[in-house]
Each structure stands twice: as C-alpha cells, then as structure tokens.
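Next up: a single chain in structure tokens, the form predicted alone.
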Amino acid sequence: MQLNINGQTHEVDADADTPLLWVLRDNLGMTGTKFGCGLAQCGACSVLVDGQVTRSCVTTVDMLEGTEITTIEAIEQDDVGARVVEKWVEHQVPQCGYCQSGQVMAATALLKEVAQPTEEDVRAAMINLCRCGTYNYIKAAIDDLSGRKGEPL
C-alpha cells in the first residue's frame, strides 16, 4: 500500500492491521514517534493525520490510504509547527523528552485550529501524559505562542 507521510509517498509492505507506529519506526526508520503505552492513552505516539492528532499505536495502516500523515520529523516544515518547536526550546519544556514529540504534535494541531486558544481549549487539547510533569512549561509555551499569559494547568 501507499502512504503519504511528510509530503512523500511511501510504498509500505505491511499487513493491513499493522499499527502506523510500527510502520513508521520499523519499516521507514522514523523513530521520532515514540511507543508509550500501546493503548492510545499516553500520546507519545501522536502524529497528525489530515491535521488531526492521531494515536499511531492503535491506528492501522489500512485506515490511512489517501490521507496526509505528518510526523515529528517534518513538523518544522509547517510554519506553526516550527514556531511550536522554537517556543518549546525557548521555554525549556522537555526534561527527559520522551513524550515531547507527541506534545509538539498536539500543540501544533491545537494552534492550527485555534490561533488564540482559551484555557479550556488548551486543557482539552493537551491531554498527552508527561512523566516529568512539564505541563506548566508546555502551557507557558502555548500561552506565549497565542500571545497571552495564563494560569498554570
């Protein structure tokens, strides 16, 4: 099957029920998307599918033909994604960094949909888990990107 990933068409030799996460990591060598829980709970595996945050650990490749998939490897090719990464660095968001590719994907999707998200928008969109507890730094970066200062999560 063919998948459009980061603006390029990839011929993928995988069973239809193979999760996208494993095709990205094992077949295509794109290791920026991480395995966390395997249950679509933590968000470490988040990618964008047609601009929507998608848990790649439970999304099978047969569901994705004809879609546009964006991974962390290409997020800076998007203007909003590049600004998110810049603010992530500026606000020193990552500690261990394991979840951060998924966090960046979620923040990018949020800010592409709502340029100036409310506190409620941020809380609803930024549901990925972070073992290091960088939630306040994440929110500070998003607040900075949206041009406002807010309360900690």
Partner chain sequence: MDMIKGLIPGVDPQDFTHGAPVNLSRRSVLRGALGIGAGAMVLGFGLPSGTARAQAAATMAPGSNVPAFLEIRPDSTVRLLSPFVEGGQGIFTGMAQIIGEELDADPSSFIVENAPAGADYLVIGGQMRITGGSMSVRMSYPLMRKLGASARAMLITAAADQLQVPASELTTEPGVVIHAGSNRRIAYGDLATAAFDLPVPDPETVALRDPATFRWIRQPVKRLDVYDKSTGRAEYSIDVTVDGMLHGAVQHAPRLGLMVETIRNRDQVAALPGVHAVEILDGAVAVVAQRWWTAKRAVEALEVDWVEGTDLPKGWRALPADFSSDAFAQELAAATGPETEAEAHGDAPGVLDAAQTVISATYHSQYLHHAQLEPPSTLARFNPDGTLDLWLPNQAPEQYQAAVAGLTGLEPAQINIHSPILGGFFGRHFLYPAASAYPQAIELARRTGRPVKVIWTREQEFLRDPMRPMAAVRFRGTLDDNGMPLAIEAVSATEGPTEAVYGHGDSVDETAVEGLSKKAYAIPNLRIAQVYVENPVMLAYWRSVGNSMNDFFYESFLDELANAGGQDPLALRKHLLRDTPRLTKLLEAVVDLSGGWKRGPFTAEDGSMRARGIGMASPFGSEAAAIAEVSIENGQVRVHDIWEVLDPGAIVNPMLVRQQIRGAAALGLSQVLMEEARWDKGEPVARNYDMYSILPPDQMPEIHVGILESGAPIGGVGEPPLPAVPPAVANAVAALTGKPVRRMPLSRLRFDS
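Please read these numbers as outputs of a predicted model, since none were measured by experiment. Residue numbers count along the first chain shown, from 1.
Although it is not shown, the form predicted in complex with its partner chain is what the next lines describe.
Interface membership of residue 89, its partner chain in the model of the complex, 4.5 Å heavy atom rule: Answer yes; at least one heavy atom of residue 89 falls within 4.5 Å of its partner chain in the model of the complex.
Is it the case that residue 37, even though its partner is missing from this view, gets within 4.5 Å of its partner chain in the model of the complex, heavy atoms only? Taking the distances in the model of the complex, the answer for residue 37 is yes, it comes within 4.5 Å of its partner chain.
Using a 4.5 Å heavy atom cut-off, state whether residue 10 contacts its partner chain in the model of the complex. Result no; residue 10 lies far from its partner chain in the model of the complex.
Is residue 31 close enough to its partner chain in the model of the complex to count, meaning some heavy atom within 4.5 Å? Looking in the model of the complex, residue contacts with its partner chain include residue 31, since a heavy atom lies within 4.5 Å.
Name the stretch, out of 91-99, 61-69, 46-54, 109-117, where some heavy atom lies within 4.5 Å of its partner chain in the model of the complex. The contacting stretch is 91-99.
Would you give me the residues of 96-133 that have any heavy atom within 4.5 Å of its partner chain in the model of the complex, in order from first to last? The stretch touches the partner through 96, 97, 98, 99, 100, 101, 104, 123, 126, 127, 128, 129, 131, 132, 133.
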